[in-house]
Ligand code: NAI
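In structure tokens, one chain follows: the form predicted alone.
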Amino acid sequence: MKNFAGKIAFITGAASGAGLGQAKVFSKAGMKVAIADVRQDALDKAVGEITAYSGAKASDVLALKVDLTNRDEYKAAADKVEATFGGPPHLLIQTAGVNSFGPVEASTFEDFDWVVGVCFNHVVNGLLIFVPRMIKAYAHKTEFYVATTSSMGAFMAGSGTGPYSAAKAAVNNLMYSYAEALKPYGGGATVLCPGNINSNIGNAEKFRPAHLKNTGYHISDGTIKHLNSVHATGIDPVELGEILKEAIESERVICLPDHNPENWANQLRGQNETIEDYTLPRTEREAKAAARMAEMMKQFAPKDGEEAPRPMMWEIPEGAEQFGQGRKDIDWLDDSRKAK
């Protein structure tokens, strides 16, 4: 997809973070942009930010408060887009996501329902609701495209991010399928797999629905503050949006957050090596993992003339020492995996 001007985009999770950056980029490219999020106050603020950045008219930005895991609400949002802009989106970008950190073996049904519901099920909802409309309206007539914001976590296991990593791996595989499936209709698909983004996903626990509050993880103001400090060092959302735009123009199925495509294969190669190591006996696998960790940690070793180790990227704030641990009242959880 190369021509964006005058076309329609629908972007989820677009009231802040990566989704807002995408909305700014594609609005500046001349698209009419519908933004969907669950937070009305953030949506109201986002509209002003988008028009200020892109110079678009306010009437070319449609803000929709939607629980994207609710199919009836999502269908109503799709109808609203068509009624407002005269057709379904030419570009569907699903970016809404949440995460929580803790031992996968301490997870509750609610942990999985929340994280998988937002990170994977909402993607399924959007594809099943919008793609048939897009095909009927645009197949063999004009360009149309679907994209989803996944994560580098899709390529790796995470004993502290089990629901999230599983959901993102499923998103990736689904998008590979759509990249092939949409070819006969003249469409395409890209999955964006960033690492760290300067976003407010660290605050996700604050917006977890009441009926899904039961978690097996240790969550506190300190752990939330820690996540926010980590994400503050991430890639700028507009920069990431520009990288995604280039990937869509080039019809890359996988988009990694780097301006230099030569670095992408290297990043994936490292993840693939970890997966390949799962085929090895435990002792050999653990030895290779320890060697990789030692090599990585060299960047933090003292340089000539330094007396102390070089600092890490961020400081762990007070109250976050138990980050990624399970609740301390889970009596079957190993003590090393439990908050003290």
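When you see a residue number, it is the position in the sequence shown, counting from 1. Quantities reported herein were computed from a predicted structural model and do not represent experimental measurements.
Separately, the form predicted in complex with the ligand exists; it is not shown, and the next lines address it.
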Just one stretch in 78-86, 246-254, 199-207, 128-136 has heavy atoms within 4.5 Å of the ligand in the model of the complex, so which one is it?
199-207
Scan R285, R292, K45, R39 and let me know which has any heavy atom within 4.5 Å of the ligand in the model of the complex.
R39
The ligand: the contacting residue among A63, A29, A56, V66 in the model of the complex [heavy atom, 4.5 Å]:
V66
I'd like to check something about Q325: if you look in the model of the complex, is any of its heavy atoms closer than or equal to 4.5 Å to a heavy atom of the ligand?
no
4.5 Å heavy atom contact, G188 and the ligand in the model of the complex
no
Look up in the model of the complex whether P103 has a non-hydrogen atom within 4.5 angstroms of the ligand, and give yes or no.
no
Consider Y164 of the chain shown here, and say whether it contacts the ligand in the model of the complex, taking contact as heavy atoms within 4.5 Å.
yes
Across 171-196, the residues having a non-hydrogen atom within 4.5 Å of the ligand in the model of the complex turn out to be P194, G195, N196
